[in-house]
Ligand code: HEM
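Have a look below at one chain only, the form predicted on its own, in structure tokens format.
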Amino acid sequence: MSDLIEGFLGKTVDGKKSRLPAKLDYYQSATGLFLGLFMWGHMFFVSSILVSKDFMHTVTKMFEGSMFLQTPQPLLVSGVVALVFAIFIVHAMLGMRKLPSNFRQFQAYRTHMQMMKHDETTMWFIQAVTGFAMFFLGSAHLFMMMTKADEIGPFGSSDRMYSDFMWPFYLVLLFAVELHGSIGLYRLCVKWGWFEGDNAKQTRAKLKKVKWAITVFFLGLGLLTLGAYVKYGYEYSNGLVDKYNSATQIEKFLKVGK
């Protein structure tokens, strides 16, 4: 048992310092960077509905292989989501290493945070809370997208938001993702010294401004996108289009919406 504890604390059985914690930190950073950049791309994809419903439909079919397949295959999207899901789980498991393991540790950290009132400490706490929420919300979302890739699009997604009353779920997920992701990318820059100039303090202050600008931008974009889905879901559920859409139904829906 003592050997296991020493290994967990970063020491090998012979007393030498283990490289495992450093490797796990690297993998956590790498998976976090991938997921953060992926979420930016994902947000731009889902916000394509703000351009038009037919534009989002076209983009959706592109992800299903319409550029090189005669019949688009949602299974391609399921495969990509499965890969992202696996990376998401790995990142979550690596992140759990640094969470308080019991209520006493949580109280000690909270007291420390309240006494210091330091931005970095507060941001870590926000990231920990949002990360915990995302483990459940993000897993549910990714599972739905993986198993129902054929329903991704301007009509299926909008109907899910309104008819299935999923918009509160995605509203919470939006704030959790954007806060967690932007803080995480900021902390990566600080941790690994990216963009660090001659004055580390000034660089960190600039990175914080960029971080909050990115947070506000993507939250605003996400709220507009969510509102559009709810609006179109309301129209969709009230018979403006048939249950199973096609190119003809899309044109009909667009004409009625004008």
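Start at 1 and count along the sequence shown; that's the residue number. What you are looking at is a predicted structure, and each value in this text was computed from that prediction instead of being measured.
Same protein, other form: the form predicted in complex with protoporphyrin IX containing FE, not shown, and the subject of what follows.
With the partner removed from view, the residue among 221, 230, 59, 39 that has a non-hydrogen atom within 4.5 Å of protoporphyrin IX containing FE in the model of the complex turns out to be 39.
Shown without its partner, this chain lists 28, 48, 203, 215 as candidates; in the model of the complex, only 28 has a non-hydrogen atom within 4.5 angstroms of protoporphyrin IX containing FE. Listed stretches are 121 to 129, 164 to 172, 69 to 77, 146 to 154; the contact stretch with protoporphyrin IX containing FE in the model of the complex is 121 to 129, by a heavy atom cutoff of 4.5 Å. Under a 4.5 angstroms non-hydrogen atom cutoff, protoporphyrin IX containing FE in the model of the complex lacks residue 81 among its neighbouring residues. Not displayed here, protoporphyrin IX containing FE is approached by residue 135 to within 4.5 Å at the level of heavy atoms in the model of the complex. Taking the partner from elsewhere, residue 33 is found to have a heavy atom lying within 4.5 Å of protoporphyrin IX containing FE in the model of the complex. Protoporphyrin IX containing FE in the model of the complex is not approached by residue 209, whose heavy atoms all lie more than 4.5 angstroms from it. Residues 88, 91, 92 are the ones in 74 to 92 with at least one heavy atom within 4.5 Å of protoporphyrin IX containing FE in the model of the complex, listed in sequence order.
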